[in-house]
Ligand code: TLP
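Before any questions on how it binds or moves, here is one chain, the form predicted on its own, in structure tokens.
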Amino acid sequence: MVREANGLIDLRSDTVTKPTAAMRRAMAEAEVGDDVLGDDPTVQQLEEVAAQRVGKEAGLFVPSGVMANLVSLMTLTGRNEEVIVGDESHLYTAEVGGLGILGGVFLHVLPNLPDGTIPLERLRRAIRSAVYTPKTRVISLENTHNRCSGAVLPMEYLQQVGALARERGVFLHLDGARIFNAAIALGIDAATIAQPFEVVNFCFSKGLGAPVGSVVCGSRAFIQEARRTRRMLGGGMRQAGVLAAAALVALNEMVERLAEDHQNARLLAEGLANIRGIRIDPARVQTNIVIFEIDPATGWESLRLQQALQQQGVLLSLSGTRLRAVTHYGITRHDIERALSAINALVSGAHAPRKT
């Protein structure tokens, strides 16, 4: 396993993974063509394999998860229509309002519960079709749910939302950037999770460790139209097989090892819970994302602790008052133990800053 030359323990995100040696070889040897013209055989293979993995007819390779959400939802909707999303969703909190700006589509935002769900009755009441409101076209869910501690949405809930969507004549979309983390946590395949959804997209460049790319999956007719949307957004790539080759390796070799990331995340969460002054419920950590807070009574606040840990070689991300750590390929049990030791030394030791 490749280690960082600078010795940092980088827990900011699973997007910081480096491609494996097998990925690099596959990229160097990839058979390529012009994908915009439909001539890249490696991209075609990836799209077919990816669609099969989530039980859909066809797939579309795109450069990023943000573009995957844009392509999916702009293809499903028209101007002056709306998409129901959670207030903690990536689509709402981290995509710069692109769907509204580029698609003329409203986001109808509902509160997420701590487990990432939106209550069914709340969803039911939110669906609109009156002449004086935007028409609800899509319900979009996120699984796993990033900002809800990597929560896995239960299958029973997904099936209930799917039944509601069919009853009310709206589409169901899944931002499944980390769908394979959800599948590993539930002990089922990704196609089972994807079954209630018309359209599913997922990332290759997070826990799966590929350098670039996401895929949108749905019916053949939908993907044909989605290609037009991708082109409009500037997502058409030429000899993209060099990227698709790494994503194929990711699908074939990197899914089952996600269980190791989950184990490391649980180790981190349980260790943090034993440090006085850290606020965390380890039971909420189901996958590879650990979110916690620092009690101000310790003399620390989140930003200063993040900066102090960086000086110790431990990198975390910051969201408001919360600190986030994400386990991934390249992070070992020993790294987690070192990170816990650094956090404990700062929070419990004599180095806490004075209150001002």
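Quantities reported herein were computed from a predicted structural model and do not represent experimental measurements. The first residue of the shown sequence is 1; numbering continues from there.
The same protein also has a form predicted in complex with this ligand, omitted here; what follows describes it.
Among S64, Q52, Q312, Q45, the residue placing a heavy atom within 4.5 Å of this ligand in the model of the complex is S64.
Only one of the listed residues (S140, T77, N146, T136) places a non-hydrogen atom within 4.5 angstroms of this ligand in the model of the complex, and that residue is N146.
Contact annotation: this ligand lies within 4.5 Å of heavy atoms from the stretch 90 to 98 in the model of the complex, the single such stretch among 215 to 223, 276 to 284, 250 to 258, 90 to 98. Contact annotation for T15: at least one heavy atom lies within 4.5 Å of this ligand in the model of the complex.
Taking non-hydrogen atoms only, R324 approaches this ligand to within 4.5 angstroms in the model of the complex. Contact between A177 and this ligand in the model of the complex is found at the 4.5 Å heavy atom cutoff. With a 4.5 Å cutoff on heavy atoms, K206 counts as touching this ligand in the model of the complex.
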